[in-house]
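Quick heads-up: it's one chain on its own, the form predicted alone, in structure tokens.
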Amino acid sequence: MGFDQFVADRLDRLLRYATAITCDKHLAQDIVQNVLMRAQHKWERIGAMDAPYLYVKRMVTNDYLSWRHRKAAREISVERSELAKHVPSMADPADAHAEREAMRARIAVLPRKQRAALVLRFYEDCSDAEIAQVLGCAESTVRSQLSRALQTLRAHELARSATLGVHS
């Protein structure tokens, strides 16, 4: 498959993935654009791989995790989430929007690698092996990152419930 066909087939999916891990549509677009520009120059090698999409997804992840985007990653956008376009509508759109915004706010507090692992598992439906390949780490590290991310989310939810006086 040529580079142009790859982009035509995978651009939307790469943008959705990048938006999910960055929680920022504009940062996601910048990252995907930078990655695709770099990938185009190396396409002969990348295109010959067994899974060029996973390699490019890893490039997106690495670019997100890189030092160049740390400041931007800390500034979570307050505008409506781009994710709303990719989630099936529910009975009340206001409820769906509020739930998406709440989830985005919850995962935004996670460290970047934990957020990436969580998005890869639950948004991209990747296995431990695929996540390890994208993040460039061992499968045991993936499981550890996911465990810590879920533990943090549970702790924040318990604290929020206690603050609101809600009993589970």
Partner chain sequence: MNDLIRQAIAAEAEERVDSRTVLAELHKRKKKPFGLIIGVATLTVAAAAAAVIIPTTIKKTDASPAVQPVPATAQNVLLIGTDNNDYTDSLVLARFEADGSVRAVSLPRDIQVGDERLNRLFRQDPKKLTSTVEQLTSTKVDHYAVIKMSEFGRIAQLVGGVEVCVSAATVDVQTGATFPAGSQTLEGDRALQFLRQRMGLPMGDFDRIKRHQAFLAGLAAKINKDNALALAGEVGRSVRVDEGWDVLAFAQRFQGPVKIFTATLPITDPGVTPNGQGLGVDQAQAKQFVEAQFGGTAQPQDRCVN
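Since we're looking at a predicted model, the values are computed, not measured. Residue numbers count along the first chain shown, from 1.
The form predicted in complex with the partner chain is left out here; the points below concern that form.
Only one of the listed residues (104, 58, 143, 113) places a non-hydrogen atom within 4.5 angstroms of the partner chain in the model of the complex, and that residue is 104. Against the partner chain in the model of the complex, the set 20, 36 and 123 is in full contact: each member has a heavy atom within 4.5 Å. Using a 4.5 angstroms threshold between heavy atoms, residue 11 counts as touching the partner chain in the model of the complex.
Proximity of residue 148 to the partner chain in the model of the complex falls outside the 4.5 Å heavy atom cutoff.
Residue 118 belongs to the set of residues with a heavy atom inside 4.5 Å of the partner chain in the model of the complex. Using a 4.5 angstroms threshold between heavy atoms, residue 139 stays clear of the partner chain in the model of the complex.
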